[in-house]
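Single chain ahead, by itself, as structure tokens, in the form predicted on its own.
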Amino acid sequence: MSLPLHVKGSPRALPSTEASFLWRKLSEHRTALWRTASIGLFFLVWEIAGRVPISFAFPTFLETLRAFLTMLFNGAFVAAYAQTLQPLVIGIAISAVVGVGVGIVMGLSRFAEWLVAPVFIVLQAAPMAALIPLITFVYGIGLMAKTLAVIMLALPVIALNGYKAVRNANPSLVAMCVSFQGTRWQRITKIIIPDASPVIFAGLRLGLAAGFIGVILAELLITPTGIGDLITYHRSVADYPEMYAAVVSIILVSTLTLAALEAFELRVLRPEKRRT
């Protein structure tokens, strides 16, 4: 007596089901695999270029990694970033408060847009390396000058993003609030700002990235302190693996910070874009 068709076919269907499950899992992690392979290929090319060598001042990846771990465990990075983060944190905090506030005002008022927006556009387009000597001439070489360098790079980005976010708030939601006889204050606090908050937060991320550039430029061009001092010192004594390790540390700190902020944004402000 023959077995039913579904019973006979079930053992054959099992491998196919397992294969589809494995393929689905592989597809979910495909982006991470490609990123890992890309980073690994970059390190391999770096190691080969350092062994050729393309320049006496270009160390291999393994030499740079060894120097990075040494500076990490002997406290050099901790002491340097304790100085670097001070003007960065102060400058970003001031830029966030002022930039978001001014951006919202520009988005709500045509007069404020006409009066203030050109200033931020000019600051965003101005070459920062050319303005830092002017900052040094006026404010000296202390904390004030470095904080101002961070503000001059971060504030225009945050303000202009906030302005665009408010100006491009969903008109259907605004019209709905008006149709329900909502006041102007209710339109701003209940509709416009919540709708614009994801773009405003994205502006804060971009402003933080600009702030990192500002503080490193300030430490290299105003006075060597913090992580900029590590770069300048090791370059002057031809310790190129240590110099490259300091540069790599800047990239790692800024990348991890921005990735953490992006994860917070996706989890809190844009949950609909989270990957399942």
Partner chain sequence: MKLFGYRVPMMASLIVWCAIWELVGRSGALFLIPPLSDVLVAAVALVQTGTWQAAAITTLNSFLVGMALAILVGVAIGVLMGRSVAADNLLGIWVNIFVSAPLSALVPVLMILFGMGETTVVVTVFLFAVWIIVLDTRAGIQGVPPSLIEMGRSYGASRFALYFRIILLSALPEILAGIRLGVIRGVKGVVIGQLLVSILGYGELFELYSRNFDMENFWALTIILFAAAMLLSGLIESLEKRVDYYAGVR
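Just so we're clear, the structure is a prediction, and the values are computed from it rather than from any experiment. Positions refer to the first chain, counted from 1.
If you look for the form predicted together with the partner chain, you will not find it shown, but the lines that follow are about it.
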| note | In this chain shown alone, the residue from 69, 39, 52, 45 with a heavy atom within 4.5 Å of the partner chain in the predicted complex is 39
| query | Of the options 144, 78, 121, 97, which one has a non-hydrogen atom that comes within 4.5 Å of the partner chain in the predicted complex? | reply | 121
| task | Quick one: find which of 82-90, 128-136, 69-77, 97-105 has residues within 4.5 Å of the partner chain in the predicted complex by heavy atom distance. | result | 128-136
| query | Closest heavy atom of residue 65 to the partner chain in the predicted complex, within 4.5 Å or not? | reply | no
| query | Looking at the partner-bound form in the predicted complex, is residue 254 within 4.5 Å of the partner chain by any heavy atom? | reply | yes
| Distance check, residue 117 to the partner chain in the predicted complex, heavy atom within 4.5 Å | yes
| said: Check residue 110 for me: does it contact the partner chain in the predicted complex (non-hydrogen atoms, 4.5 angstroms)? | reply: yes
| If you look in the predicted complex, which residues in 76-99 sit within 4.5 Å of the partner chain (heavy atoms)? | none
